[in-house]
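One chain comes next, on its own, written out as structure tokens in the form predicted on its own.
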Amino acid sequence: MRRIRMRLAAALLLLPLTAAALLCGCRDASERDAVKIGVSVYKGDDTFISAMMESFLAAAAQFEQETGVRVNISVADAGESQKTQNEQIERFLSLDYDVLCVNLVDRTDAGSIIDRARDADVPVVFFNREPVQEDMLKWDKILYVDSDARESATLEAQIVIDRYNEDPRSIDANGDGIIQYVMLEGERRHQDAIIRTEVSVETLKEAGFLVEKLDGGIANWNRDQAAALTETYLTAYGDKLELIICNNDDMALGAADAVAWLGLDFSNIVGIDGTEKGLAAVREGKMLGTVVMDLPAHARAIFESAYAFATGADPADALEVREDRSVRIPMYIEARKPVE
């Protein structure tokens, strides 16, 4: 099968695809010879979103190959503009797409998107950025797919706890019984950034650790911004800094970049996402660990939900849908092995 390459652009790109995962609970493929799926993402060059879209397109390609059903997917990059995303949604609806998949720019604007989609009777699968619950209850033809932010933060803290239990001085380097840390946060209003920031520290405290926040800042999921902040923190706090907690892998990689620039021997950096580069950094000893999001599983769940809606089926026939109309994908830890 030929390799499919995806390029996200602000304009709508119609991508005729060949293929995703076999669906249980959807009507027989022979009942529908083609579906049109419109996808709008908040930022096309975001590392995690870009990787998820690659997995999504691969899932669609596999499905088309296995069933013979044509899957036409148009992907639009909102460029971090809610106005642009709203215009993209309007265009999808005007072109009679069967279903929309939306990675919101502003989660508080989901209500207006749902209203437009409901008026046109076009179902919506939100992903990665969760609408407020009030909006999720507006209509029965909407769904949200993602991992649980609280669980991801708990697992991130568990990486630190496990390493401390193996070798306390590897985390509490100065032996004062307190973990001195800095926090690199994602977007200011992103629900995952808020939850990951709070719960990671809460989990450490609940496990009996004393912690001291030396500093922290907003790095907007961005590697370069995280590197600049981390360079400042490492210069200011030196050996007193024992742990860098990051809301995602790109920021963790930025922290590792700053360590390398300064020529330091420091790798107590934890992230979330399990991106290809993040996992490589863990294997290379540049990061302590990361929480791995199962991107193929995310992609299959988004596609299966979209296809079910597009063909008039209920996504709950194939997926475990919670009462809040969400589908949550499990995660796991990837941590650096301790030195023997």
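Residue numbers run from 1 along the displayed sequence. Here the structure is a predicted model, which is why all the values come from computation and not from measurement.
Form predicted in complex with beta-D-glucopyranose: not shown, discussed below.
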Handout entry: Partner proximity in the predicted complex: T230 to beta-D-glucopyranose, non-hydrogen atom cutoff 4.5 Å
Key = no
Problem - Contact of H190 with beta-D-glucopyranose in the predicted complex (heavy atom, 4.5 Å) - result: yes
Exercise for the section: Examine I49 and determine whether its closest non-hydrogen atom to beta-D-glucopyranose in the predicted complex is within 4.5 angstroms. Expected result: yes
Handout entry: Any non-hydrogen atom of W221 within 4.5 angstroms of beta-D-glucopyranose in the predicted complex
Key = yes
Handout entry: Listed range touching beta-D-glucopyranose, judged in the predicted complex by heavy atoms within 4.5 Å, from 255-263, 158-166, 107-115, 191-199
Key = 191-199
Completion exercise
Assert contact residue (beta-D-glucopyranose, in the predicted complex, non-hydrogen atom within 4.5 Å, options N86, N268, T203, N128) equals N128
Practice task
Report the residue, out of Y42, F56, F63, F309, that has at least one non-hydrogen atom within 4.5 angstroms of beta-D-glucopyranose in the predicted complex.
Solution key: Y42
